[in-house]
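Before any questions on binding or motion, here is one chain by itself as structure tokens, the form predicted alone.
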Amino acid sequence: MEGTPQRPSHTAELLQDILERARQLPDEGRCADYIPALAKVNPDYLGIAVAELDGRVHIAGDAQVPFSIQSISKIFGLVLAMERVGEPLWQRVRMEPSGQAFNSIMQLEWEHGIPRNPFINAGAIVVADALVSHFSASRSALIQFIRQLANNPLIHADDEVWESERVHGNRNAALAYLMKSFDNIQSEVPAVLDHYFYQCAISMSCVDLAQSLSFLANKGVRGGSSDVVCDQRSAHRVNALLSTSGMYDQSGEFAFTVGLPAKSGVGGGLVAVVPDYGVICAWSPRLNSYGNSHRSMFMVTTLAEELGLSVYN
């Protein structure tokens, strides 16, 4: 992105205005009721946060309320695996858009157990296997990594969501055992799934997420600090994958209309990376047919338009 985006000094007021406009939208979609613990979430929660690289954080609504980050956790797992495993990781998972549902079994069968990218479920399970294989306590390594990035030692996995994931995770188990049959899962499947379900059950707020992912907007360096999380090449790769594969089957549409690397989760969260500026995180639990939050997409899209934040400007 050329230059620094022009942004008003009243960012908090702008966020509040966008949030109120989002609140007036029709109540489209519903919570992710196929995970019973998520079905209990108040569908009227609405929050947005912006963490700028200079350390300033602007919020509106329920931006400090923790929620289940679900698939957004795949970013953290991927970065940790890239740093620990290196290039061999890309022999086990590709970097192409899938063109299929995020939990497709047929595509995995056709392609001999090699997932298309690390943001579909099969790819994230491979990444989880890499972490289980390379850390003696992979769950602890992941949660400590996230706490450090967010500067919040209280971040944790919600036990009720974790249990819901385990009880209702049969399709993910099928993906894992299929990949095991193709020798693309190295550890025991139950241990890999336990890690995967754990990371999906991690609870964070919009503020936590925006701050913790600031390194992706700053060439691998955590915003407001000199802490190097990953090298510039790795940050570039993650952003590229987010641009092509981070929004389920709406990834192309989001890139076309918004133009920011982004990742959503079925907890209703949505993070968008703005290089050289910061990270936006919005949350609203009601999901559309693609598994994305309609109101979160509206808030991020509107803010990007108001401030001219697209990487393609």
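Residue numbers run from 1 along the displayed sequence. Computed from a prediction, not measured in an experiment: that's the story for all the values here.
There is also a form predicted together with a small molecule; it is not shown, and the following applies to it.
In the predicted bound form, the small molecule sits within 4.5 Å of a heavy atom of residue 35. Proximity of residue 200 to the small molecule in the predicted bound form falls within the 4.5 Å heavy atom cutoff. Among residues of the shown chain, residue 211 is not one whose heavy atoms approach the small molecule to within 4.5 Å in the predicted bound form. In the predicted bound form, at least one heavy atom of residue 121 sits within 4.5 Å of the small molecule.
Residues 76, 132 and 144 are none of them found to lie within 4.5 Å of the small molecule in the predicted bound form, as judged by heavy atom distances. Note on the interface: of 22 to 30, 65 to 73, 252 to 260, 40 to 48, the segment with non-hydrogen atoms within 4.5 angstroms of the small molecule in the predicted bound form is 65 to 73. Residue in contact with the small molecule in the predicted bound form (any heavy atom within 4.5 Å), chosen from 57, 53, 274, 266: 266. In summary, among the residues 184, 239, 172, 164, the only one with a non-hydrogen atom within 4.5 Å of the small molecule in the predicted bound form is 172.
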